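Quick setup: one chain, the form predicted alone, written in structure tokens, and binding and motion questions come after.
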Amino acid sequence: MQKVVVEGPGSFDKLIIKDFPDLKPSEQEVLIKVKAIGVNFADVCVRLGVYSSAKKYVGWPITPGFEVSGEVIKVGGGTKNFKVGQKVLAFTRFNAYATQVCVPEDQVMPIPEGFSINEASGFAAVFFTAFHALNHHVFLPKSSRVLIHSAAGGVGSALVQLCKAKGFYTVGVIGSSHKRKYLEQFSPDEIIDKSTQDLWIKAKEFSPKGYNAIFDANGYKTVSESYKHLCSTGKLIVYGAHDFISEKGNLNYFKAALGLFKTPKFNPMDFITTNKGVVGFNISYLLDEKDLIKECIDGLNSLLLEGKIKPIPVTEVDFENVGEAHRLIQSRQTTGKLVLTVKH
């Protein structure tokens, strides 16, 4: 087998493909022959050495990646739900940038009907993140109004679909005009193009009394105003900090330090008087919460069967060109999902 190994923090050239012995599944694991791998902005943070759970669970060297699709080629003796030859997708805690992965069976799903193998590789991480953000951190009435930053990205596309499935008035924010047509396919009620429009003037215009929930993976540039634009009982859900990372390969330490300095500090006593709140999470810390992961899988399967969510369009990059995939996602110019395709 082959996998990408990052020996230490740095630019795209740190993503090195190396040969390793084939894997063997443990008692409760499924061994997957990988056909495609979802690329996420979190993988960039892993490569740069700023992803906290990577430091906690792995350290250096590390193989990035959280999601794959492929074919089951072996199962552990204690597995019950999967068989050799089955086409599946899986959520991993790192190690996804590889031609083989071993994954606990409760983090594996059959590929949904109507999904290609490449589309399936971009399902797990973004839809699990979006489902958890929407269903486990906040109670939203049916009349809710929500605003989603980075709505044309992977998690953003998933959030728009899940919010529309619940009937919420959904506003999606994009950073470039070419992303509008892409986002329109998921039918948000409104789109704000912050490259040509004043984000917060338009946000107030679309919801004068504020939003029941705002989903923000940007970081310091939008978090403060996002909080201000919540309505009473509204929640700001933070699941990333992309603004800390530059569009170039290496970590810009000055930009990162500036971001930390500018990040707002919330006083919990203010939550009492404003009836607002802030929630943050990183789902890579939660894979040991088996009931939570099962609820994500069951909830998403129900929505798939009802036809309320659909595949996120993918841009394919060959596994051998993994550095180019990172360059593309770091550029902030892509839409939907980037996936690495593996040739066996």
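In this text, residue numbers run from 1 along the sequence as written. All values derive from a computational prediction rather than experimental measurement.
Below: the form predicted in complex with a small molecule, not depicted.
Although the partner is absent here, Leu147 lies well away from the small molecule in the predicted bound form, with no heavy atom inside 4.5 Å. Taking non-hydrogen atoms only, Ile329 approaches the small molecule to within 4.5 angstroms in the predicted bound form. Using a 4.5 Å cutoff between non-hydrogen atoms, Thr129 counts as a contact of the small molecule in the predicted bound form. By the criterion of a heavy atom within 4.5 Å, Glu71 is excluded from the residues contacting the small molecule in the predicted bound form. Stretch 173 to 181 is the contacting one of 173 to 181, 75 to 83, 110 to 118, 265 to 273, since its residues have non-hydrogen atoms within 4.5 Å of the small molecule in the predicted bound form. When you look in the predicted bound form, the only residue of Thr233, Asn252, Asn135, Asn218 with a non-hydrogen atom within 4.5 Å of the small molecule is Asn218. Between the options Ile191, Ile245, Val88, Leu162, the residue in contact with the small molecule in the predicted bound form by a heavy atom within 4.5 angstroms is Ile245. Taken together, Trp60, Asn95 and Val339 are entirely out of contact with the small molecule in the predicted bound form: none brings a heavy atom within 4.5 Å.
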